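Have a look below at one chain only, the form predicted alone, in structure tokens format.
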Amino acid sequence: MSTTPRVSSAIPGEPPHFGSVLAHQPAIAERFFALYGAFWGSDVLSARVKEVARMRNARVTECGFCRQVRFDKAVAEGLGEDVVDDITDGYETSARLSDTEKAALRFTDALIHDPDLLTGDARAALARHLTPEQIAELGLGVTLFLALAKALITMGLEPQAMDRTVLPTPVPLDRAA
């Protein structure tokens, strides 16, 4: 992955990072952050399940930033590093991941890799553990995670090195301080 920025910062004197690059298109950036905040602000699906899917995407895309960030709401819901460590190939056998989380991970893999992964037992498990509203929210979230990771990677905005970091969970713009 590249850590050499391929896009300049729109903020004079500030190095390129996701926010400073998106500042080239402030109206679009505002809409993106509004959507991302609305997704995380919704309680249709738990923050822990959302974060489990986000971690799977981070592992698949190899996004260095995404792999190192944890959102505080998911951590408060019990998402520890022991659980995150099980979000690898073979997660189906994890004793730490719930059946709901495993169904969400299979759905995540289908969205990222191949929709045919969500057939038979995987499809039945998804319907058993998640409501249609939760599946829709998860689908939107994985789409956002994949797009965000690919944008960071392609624009060269991953950090050279980064410690594990717990950040405040994004919130809808109308709730932002």
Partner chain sequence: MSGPVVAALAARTCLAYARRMPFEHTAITDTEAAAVVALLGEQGFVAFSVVAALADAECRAELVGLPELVVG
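Here the structure is a predicted model, which is why all the values come from computation and not from measurement. Numbering follows the first chain given and starts at 1.
The following text describes the form predicted in complex with its partner chain, which does not appear among the structures shown.
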Quiz item: Of these, Ala125, Ala110, Ala38, Val69, which has a heavy atom no more than 4.5 Å from its partner chain in the model of the complex?
Solution: Ala110
Quiz item: Closest heavy atom of Gly120 to its partner chain in the model of the complex, within 4.5 Å or not?
Solution: no
Quiz item: Is the gap between Thr61 and its partner chain in the model of the complex 4.5 Å or less for some heavy atom pair?
Solution: yes
Quiz item: Contact between Arg164 and its partner chain in the model of the complex at 4.5 Å, heavy atoms?
Solution: no
Exercise. State yes or no: in the model of the complex, is some non-hydrogen atom of Arg6 no more than 4.5 angstroms from a non-hydrogen atom of its partner chain?
Key: yes
Quiz item: Which residues, if any, of 14-37 lie within 4.5 Å of its partner chain in the model of the complex when only heavy atoms count?
Solution: Val21, Leu22, His24, Gln25, Ile28
